[in-house]
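We begin with a single chain expressed as structure tokens, specifically the form predicted alone.
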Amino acid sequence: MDIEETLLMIPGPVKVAPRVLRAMSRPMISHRSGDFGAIYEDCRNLLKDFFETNNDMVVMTGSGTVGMDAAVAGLIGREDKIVTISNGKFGERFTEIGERYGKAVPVKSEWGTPIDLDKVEAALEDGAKAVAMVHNETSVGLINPANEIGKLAHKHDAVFIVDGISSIGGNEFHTDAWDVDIAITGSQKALAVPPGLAVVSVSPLAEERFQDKSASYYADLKAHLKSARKSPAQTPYTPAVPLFYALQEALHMAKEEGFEARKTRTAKLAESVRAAAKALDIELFPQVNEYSQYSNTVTAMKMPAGITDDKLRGGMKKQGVVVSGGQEKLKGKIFRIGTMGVCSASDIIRTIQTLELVLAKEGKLSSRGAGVEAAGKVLGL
């Protein structure tokens, strides 16, 4: 099938609106000009509302991981401890970054299982300078308790770093109310911009605790903040200017919809996917408890018995719908459907119809149309 007819239903990169793609085709400008500064300043102001914060904002050219790297590199020296919480692939990435710059103190749970808050507090009692976690663990479709961990972090005088890359703008996320000192997202998630930008909010406490010199030259948050505060606003190094065009347009689209309205819509889309899974006897992968919940930006489901990843995802791809599989230890065991950004109700229905078609072809569907009906009911169709 032609790539332009393919429906991208993965948890990032997500579908990008034509309006945003057109913005990227505008003529190139100098990144040291007043025109660029005005775009950057507009983005920074809108991003504060998007993040629900009064903290300062920077936009860095690079994937979301450069924001994670910048946060740790700016705070953690060789002898500093950082508690890193993981119950999936991206939590483990924080541990790897922490070990690169200082001394990581990992608090691990099985992938897709809730975090043990008592273990987090015990780890913090050993004098950690910071604690880092993933709010929405994309690899397993699970939301982790940022609010509760933020309270523990500040109880023990630790800077609180949160990877909100697949969460901010899609799931409930309250940067200031949860006392998040450094929050990170990526352009290719709920912002619905092509990949290549990391957005980072920095609290006064985090800035106060920065090392004199970041361990990273490029991903130096002090340098990025200093440049962003200039008039006109700048980046310390050459940015991906067309992506800033796209970011500005996407933020205005989200504002027109309403930032809260977008999260409400995203929640409804995810609820419809979960309803379809239940109707098709497909088990959700993550475990939830009073402190964790199913993600609204990505739904992770166990692979139905008797069908392979190649048959399910490969079969859907042949029909023009692309969904994600499991990563590392979960490869072939789960599949994931993204529901963030400009994903629509019609995208969900097409995805579930295609899933049913593949299951029927493989003899794994008992009731044709049950999933579509369940999803449509949630969506009011």
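The structure presented is a predicted model; accordingly, all values stated were derived computationally and were not measured. One rule holds for the numbers: they count along the sequence shown, beginning at 1.
Just so it is clear, the following notes concern the form predicted together with a small molecule, a form of the same protein that is not shown.
K.L.:
Look up in the predicted bound form whether Ala192 has a non-hydrogen atom within 4.5 angstroms of the small molecule, and give yes or no.
P.N.:
Ala192: no contact with the small molecule in the predicted bound form.
K.L.:
Taking 4.5 angstroms as the cut-off for heavy atoms, does Arg265 touch the small molecule in the predicted bound form?
P.N.:
Residue-level check for Arg265: no, no contact with the small molecule.
K.L.:
Though only this chain appears here, would Lys81 touch the small molecule in the predicted bound form if you measure heavy atom gaps against 4.5 Å?
P.N.:
Lys81: no, not in contact with the small molecule in the predicted bound form.
K.L.:
Though only this chain appears here, would Ala130 touch the small molecule in the predicted bound form if you measure heavy atom gaps against 4.5 Å?
P.N.:
No, Ala130 stays farther than 4.5 Å from the small molecule in the predicted bound form.
K.L.:
From the list Gln353, Ser63, Asn55, Ser324, which entry has a heavy atom within 4.5 Å of the small molecule in the predicted bound form?
P.N.:
Contact residue from the list: Ser63.
K.L.:
Out of Gln188, Ser201, Asn296, Asn144, which one falls within 4.5 Å of the small molecule in the predicted bound form, going by heavy atoms?
P.N.:
The residue from Gln188, Ser201, Asn296, Asn144 that makes the contact is Gln188.
K.L.:
So which stretch, 234-242, 136-144, 251-259, 153-161, is the one near the small molecule in the predicted bound form (non-hydrogen atoms, 4.5 Å)?
P.N.:
Only one stretch passes the 4.5 Å heavy-atom test: 136-144.
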